[in-house]
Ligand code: DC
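Encoded as structure tokens, the following chain is the form predicted on its own, with no partner shown.
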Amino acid sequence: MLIAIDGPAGSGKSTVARRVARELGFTYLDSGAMYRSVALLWLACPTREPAELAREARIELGERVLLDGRDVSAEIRSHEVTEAASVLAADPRVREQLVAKQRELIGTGDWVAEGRDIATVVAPEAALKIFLTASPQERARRRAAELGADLATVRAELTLRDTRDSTREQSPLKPAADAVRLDTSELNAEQVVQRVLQLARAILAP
């Protein structure tokens, strides 16, 4: 079974997906970590074609993110990598390479996959599709608290990322037609997790 959780930055995707996967005993797929890993490679080798880096990269996901055998879990969360990943995510050639890798990963077994186009592009056949969102102010507040950054700066960066994600020609951010939309603005993580678990268990029930 595959549960696809999509949504904009700061909507709670990672936290919810990770906890839902743990509760159900599923494997967690952080698609954003794949784009961040390629961005890390690109920043180190800016003369290389990003799509080539994406094709060659050996990315292993789990409790830690391994890039060509090296633990990059902390490195890929830097501000510089975050910005570069957002740019690369708009490159259709990079997306083509990473979507192929994602499809290969989730081809067998039970997964909770999160990103921005899991339900619309990577796995439109997912058994359960969730689209998480929250008000821009709340998403900025969460991200600023997480990073220990200035709220106004984070809000401006999120606005830029939202525009970039929703207007890109390749795989724009949007909910799948049959996705369950959850506004998390007034909900805590536990409430969202329980709602997703309720939906998943209804499908899993005989």
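Remember, predicted model here, so these are calculated numbers, not experimental data. Heads up: residue numbers just count along the shown sequence, starting at 1.
One more form of this protein exists, namely the form predicted in complex with this ligand; it is left out here, but the text below deals with it.
Asker: A85, L128, L105, V72: which sits within 4.5 Å of this ligand in the predicted complex by any heavy atom?
Answerer: None of the others qualify; the residue that does is A85.
Asker: Wondering, does R77 line up within 4.5 Å of this ligand in the predicted complex on heavy atoms?
Answerer: Although this ligand is absent here, R77 would touch it in the predicted complex, with heavy atoms inside 4.5 Å.
Asker: So in the predicted complex, is this ligand close enough to A123 to count as touching (4.5 Å, heavy atoms)?
Answerer: The answer is no: A123 has no heavy atom within 4.5 Å of this ligand.
Asker: Give a yes or no for R95: in the predicted complex, does one of its heavy atoms lie within 4.5 Å of a heavy atom belonging to this ligand?
Answerer: R95: yes, in contact with this ligand in the predicted complex.
Asker: Does P50 make contact with this ligand in the predicted complex, using a 4.5 Å heavy atom cut-off?
Answerer: It does not: once this ligand is placed as it appears in the predicted complex, P50 has no heavy atom within 4.5 Å of it.
Asker: In the predicted complex, which of the stretches 149 to 157, 34 to 42, 58 to 66, 176 to 184 has residues with heavy atoms within 4.5 Å of this ligand?
Answerer: Selected range: 34 to 42.
Asker: Looking at this ligand in the predicted complex, which residues in 143 to 167 have at least one heavy atom within 4.5 Å of it?
Answerer: Contacting residues: R161, D165.
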